[in-house]
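What follows is one chain in structure tokens, specifically the form predicted on its own.
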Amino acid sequence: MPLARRRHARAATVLVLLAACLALPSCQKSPPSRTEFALGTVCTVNLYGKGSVKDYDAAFSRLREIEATMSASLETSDIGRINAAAGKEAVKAKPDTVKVLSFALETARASSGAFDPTVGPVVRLWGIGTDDERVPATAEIENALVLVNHERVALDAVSGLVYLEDAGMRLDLGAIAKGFAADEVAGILRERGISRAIIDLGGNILCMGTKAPGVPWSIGIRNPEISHGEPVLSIQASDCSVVTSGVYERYFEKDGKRYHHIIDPKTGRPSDGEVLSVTIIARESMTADALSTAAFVLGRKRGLALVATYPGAEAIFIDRDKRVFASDGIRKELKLLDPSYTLADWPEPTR
């Protein structure tokens, strides 16, 4: 059977309802915004008529700077240089890289390796979302897994030196860099006097302020089994980030089986559990980005337990039986839009 390719950014997972006018018939035409391709995905910043050309320029310039620093596919980036020097020597990284890698390693420890920034060798092996995507042989996966170990990363946050202790190790910050980038863009906009905006980096949504005074943004989350279509639920949000990891963001099919891009660092294969999507709501987008991947790999129970250790973070899980599980702090803000889905009774564990 020929290889069927499907590539989707997270924009297919999370929608800004009432803001992007994608789902509700009552919404009005969207105010001016800017969309560009950066960080390997489609990025949109909407300042709702309050921003200038220079404001947009500053936002996208920062995105391109972060991409040039952290892309694993660029030989000249910090990550490219660190990977090339694996097992040989330490590489001095920029403060941005040190900050993101430090948090990535913290998340790896907190999640017992469900999130691991050294998963690069396995990600490269599968090539999902590229022209080289394929199903690797078991022996290839086993060989690559030997190189996946966040404890073999030596990071000196003071000097900025990063050393991968084994030749062949590869960092990949793809599951956290967009979150950091969204936070950085929000910071730039606030410095420029903008308090109300939507930053959408391939579906990593960061809501600045509220839709109107006292009126939160309405964020829609799509059916995780369908690449395009109406949202199955919505939540109310303000001054926070909403990030979803799902099975259909990027995937390919071979011999009737779907292989998505969320790799379990323990097995070296796409995570295969009861969860189809995980949405994290948190103040910082970098936190939401990393936790969405970690919680997806961990599954419902262990994933929610992990999220509960991060103050202010909330989680929504959708499983194969169309059940929606939400932590207590977000349940009251959640509205089901598709009657085929049910809100399951699942108390949040004690924080």
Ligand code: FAD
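Position 1 is the first residue in the sequence shown; the rest follow in order. In this text the structure is predicted, and so the values were computed from the model without any measurement.
Keep in mind the form predicted together with flavin-adenine dinucleotide (FAD) is missing from the figure; the text below concerns it.
* Heavy atoms within 4.5 Å of flavin-adenine dinucleotide (FAD) in the model of the complex: does residue 40 have any? -> Residue 40: contacts flavin-adenine dinucleotide (FAD) in the model of the complex.
* For residue 195, is any heavy atom within 4.5 Å of flavin-adenine dinucleotide (FAD) in the model of the complex, or not? -> Residue 195: no, not in contact with flavin-adenine dinucleotide (FAD) in the model of the complex.
* Asked: Does any heavy atom of residue 234 come within 4.5 Å of a heavy atom of flavin-adenine dinucleotide (FAD) in the model of the complex?
  -> Residue 234: no contact with flavin-adenine dinucleotide (FAD) in the model of the complex.
* Does any heavy atom of residue 279 come within 4.5 Å of a heavy atom of flavin-adenine dinucleotide (FAD) in the model of the complex? -> No, residue 279 sits far enough from flavin-adenine dinucleotide (FAD) in the model of the complex that none of its heavy atoms falls within 4.5 Å.
* May I ask whether 97, 160 and 286 all come within 4.5 angstroms of flavin-adenine dinucleotide (FAD) in the model of the complex, judged by heavy atoms? => No residue of the spot touches flavin-adenine dinucleotide (FAD) in the model of the complex.
* **Candidate stretches 88-96, 131-139, 206-214, 170-178 - the one whose heavy atoms come within 4.5 Å of flavin-adenine dinucleotide (FAD) in the model of the complex** => Stretch 170-178 is the one.
* Go through 186, 240, 221, 114 and name the one with a heavy atom inside 4.5 Å of flavin-adenine dinucleotide (FAD) in the model of the complex. => Result of the distance check: 114.
* To do: Would you mind picking the one in 144, 199, 82, 263 that has a heavy atom within 4.5 Å of flavin-adenine dinucleotide (FAD) in the model of the complex?
  => For this set of options, the contacting one is 263.
* Counting only heavy atoms, which residues in 57-75 are within 4.5 Å of flavin-adenine dinucleotide (FAD) in the model of the complex? -> Stretch hits, in order: 66, 67, 70, 71, 73.
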